[in-house]
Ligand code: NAD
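Shown here is one chain on its own, the form predicted alone, set out as structure tokens.
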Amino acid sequence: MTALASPPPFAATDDSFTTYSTARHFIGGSWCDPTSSRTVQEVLNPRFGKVIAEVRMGGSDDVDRAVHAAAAAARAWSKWPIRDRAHVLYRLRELMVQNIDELSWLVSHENGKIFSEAKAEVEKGIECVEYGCSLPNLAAGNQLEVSRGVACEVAYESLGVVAGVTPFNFPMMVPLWMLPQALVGGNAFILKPSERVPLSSMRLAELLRHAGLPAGVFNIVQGGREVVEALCDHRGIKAVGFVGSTKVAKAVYARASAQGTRALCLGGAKNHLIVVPDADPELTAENIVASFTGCAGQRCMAASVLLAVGNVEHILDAVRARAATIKTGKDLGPVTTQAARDRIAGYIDGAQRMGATITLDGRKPDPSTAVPGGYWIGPTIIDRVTREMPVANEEIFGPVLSILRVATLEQAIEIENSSPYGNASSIYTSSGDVARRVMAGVDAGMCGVNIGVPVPREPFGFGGWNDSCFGHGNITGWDGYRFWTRQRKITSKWALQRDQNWMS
């Protein structure tokens, strides 16, 4: 295995087209190419529709190499005191803060989101690292005298080699949902980033190396389906985390679990926002537009369906007016591929053919702000949607809001709960009673009151219900630490007790 040069810092300081290094494997602390000759895939900047880098796609033999390197590193890493492991994350945090603009521009160029959204993603990643820094205080094992002279305690121990498969929409943040808990827990980690956005993880690997993480504790294997299946199948991997579509999440969970491998897989969503007449128009309009247009709608927490209860025409007018001010290329980035752009436009076309009303049409973006060649689709609002339409039921993953009109709050809750997904749901109201009824009634794991993107902040865990999550618990927060570790329970007795009870 020939070690290759490290990728340099990303040079861009604005939206101007900028190329970057070829994406390769990072195994055992060295950059390397696949073992056997495989395909080279283009990495596109969606703003321009042009190639900024290439990724060398690996396979099962590269996964095996990474597992062996990780296993060798894990033996020593797991013996480090937990505080020493966390100190690496302290240094990583400082490096991310120092280089935040570079990291943000890299996310923006490979994913397409505007700079402010990319920076917010990096800042959320930093917050996840900060939570990892706190784990030595949170993970102290509990001990209790359960009977006279008998004590029980719990210790959290590493699993060994673990792996994560992450999506295209948050190339910096989602790996950091997993890494801090897994690393502080004493594991060695193998990351398979999306082949569409493999560049941010390369810089993350370099920052971890500069932060003092030992070689082999963090590894990257580039690739597609073959790599994912090899991670699920490899007996040396003890846990797999996944974030992506529901179809693939279900397949990864089933395949990994069939091997006896611990798995937690987050899938897709069809999030519903409920608006009632007493909602604050200004707050509601600003919030809903930010929810369905943010990151070009390419996030599992984006608003997808607006359930309009009763006479809320004044609020719908405000939503349309605010959304109409969003400029593609300036306030809204492109979607990631031409195929995604065409698929989203196809949903809008289909709804129109079925009788829905397009009150704001993003199929023809503003030529004054959208770069030619980019994968642009602007904010789109579809009104008079009916329950049988695909836009009411299927995940579109674009800046599209579908409006269903209902007479009662109970009807709105019933529509939300009829979806197979259970990721997020929000209510816009000024009534505490209405808010409580919705929070108690909707079948979703992450809920909001007057918040259209109810992402839990650390230390609260991220995770949905139903077809939005396969496996137990949340992927961030304390649940994440428990997922990447195993509990050892110790019961001890050191002296003979004269006043015995049943246990002693």
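Bear in mind that the values here come from a model prediction, so they are computed numbers and not experimental data. A residue's number is simply how far along the shown sequence it sits, counting from 1.
Beyond the structure shown, there is the form predicted together with this ligand, which is absent from this document and is the topic of what follows.
Visitor: Just give me the single entry in L176, I403, A256, V228 that has a non-hydrogen atom within 4.5 angstroms of this ligand in the predicted complex.
Guide: Spelling it out, the residue with a heavy atom inside the cut-off is V228.
Visitor: Heavy atom within 4.5 Å of this ligand in the predicted complex: which of C128, L266, V161, V319 fits that? Just give me the one.
Guide: Partner contact (heavy atom, 4.5 Å) among the options: L266.
Visitor: Wondering, does N423 line up within 4.5 Å of this ligand in the predicted complex on heavy atoms?
Guide: So N423 counts as contacting this ligand.
Visitor: In the predicted complex, does S147 have a heavy atom within 4.5 Å of this ligand?
Guide: Although this ligand is absent here, S147 would stay clear of it in the predicted complex, with no heavy atoms inside 4.5 Å.
Visitor: Can you tell me if E206 lies within 4.5 angstroms of this ligand in the predicted complex, counting non-hydrogen atoms only?
Guide: No, E206 stays farther than 4.5 Å from this ligand in the predicted complex.
Visitor: Closest heavy atom of K192 to this ligand in the predicted complex, within 4.5 Å or not?
Guide: Flag for K192 set to yes.
Visitor: Among 95-103, 285-293, 394-402, 67-75, which stretch has residues whose heavy atoms lie within 4.5 Å of this ligand in the predicted complex?
Guide: Every other range fails; the passing one is 394-402.
Visitor: Using a 4.5 Å heavy atom cutoff, which residues in 139-175 contact this ligand in the predicted complex? It's fine if the answer is none.
Guide: Read in sequence order, the residues that approach this ligand (within 4.5 Å, in the predicted complex) are V165, T166, P167, F168, N169.
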